[in-house]
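Single chain ahead, by itself, as structure tokens, in the form predicted alone.
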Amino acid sequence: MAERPAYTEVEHTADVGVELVAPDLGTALERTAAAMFDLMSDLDRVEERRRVAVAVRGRDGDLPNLLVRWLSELLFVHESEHLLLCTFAITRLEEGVIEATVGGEPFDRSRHDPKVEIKAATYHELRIEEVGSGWAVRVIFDT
């Protein structure tokens, strides 16, 4: 089972979002992904039974773009492979590039209670910035 990340759920009109902090950028990206999937279905009930390699390229120097592309790619894996993802391990994080291995299992209605259907990560009120000794993220999802 995956470890649920520490995050705060943000209510936003008809949408939902998350806010969190992490000690470094890679961890912030991993935790944001985990929080997104925890909004969709309780991560405590999802097991890593299958792994998928993911590569994302964003615009150089544009962290908000890289974050949205990362989350969008994970939503694509969810939709195309019918996987609930629960583990996120970034193996390469460079200017405009994320490579990672993510894990999860096929959705099983008898074990996984769907919570929120997330359609997309948005740029609305998006924040990813270095603060103090870590990184802060805020992202609103289209539901």
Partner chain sequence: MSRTTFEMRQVSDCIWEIPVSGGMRVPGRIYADEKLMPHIREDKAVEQVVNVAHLRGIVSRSLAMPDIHWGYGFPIGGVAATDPELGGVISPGGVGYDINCGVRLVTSNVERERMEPRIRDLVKALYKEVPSGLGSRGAIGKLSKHELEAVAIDGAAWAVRKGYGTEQDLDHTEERGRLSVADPSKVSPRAVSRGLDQVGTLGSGNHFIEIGVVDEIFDEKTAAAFGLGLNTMTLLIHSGSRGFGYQICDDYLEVMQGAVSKYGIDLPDRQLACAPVESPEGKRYLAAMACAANYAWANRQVMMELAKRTVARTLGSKPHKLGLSLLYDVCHNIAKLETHEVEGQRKTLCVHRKGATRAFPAGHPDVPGAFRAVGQPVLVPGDMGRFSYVCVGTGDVMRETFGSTCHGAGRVLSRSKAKKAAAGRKLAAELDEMGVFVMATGKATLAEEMPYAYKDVTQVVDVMQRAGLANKVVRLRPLGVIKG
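Positions refer to the first chain, counted from 1. Bear in mind the structure is a predicted one, so any value in this text is a computation, not a measurement.
The same protein also has a form predicted in complex with its partner chain, omitted here; what follows describes it.
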**Message:** Quick check on residue 129: any heavy atom within 4.5 Å of its partner chain in the predicted bound form?
**Reply:** no
**Asked** Using 4.5 Å between non-hydrogen atoms, is residue 52 touching its partner chain in the predicted bound form?
**Response** no
**Item:** 4.5 Å heavy atom contact, residue 117 to its partner chain in the predicted bound form
**Value:** yes
**Message:** Is residue 9 near its partner chain? Define near as a heavy atom within 4.5 Å, in the predicted bound form.
**Reply:** yes
**Asked** its partner chain in the predicted bound form: within 4.5 Å of a heavy atom of each of 29, 31 and 48?
**Response** no
**Item:** Position in contact with its partner chain when the complex is considered in the predicted bound form, options 100, 40, 67, 86, heavy atoms within 4.5 Å
**Value:** 40
**Asked** Which residues within 115-141 place at least one heavy atom within 4.5 Å of its partner chain in the predicted bound form?
**Response** 115, 116, 117, 119, 120, 121, 122, 123, 124, 125, 140, 141
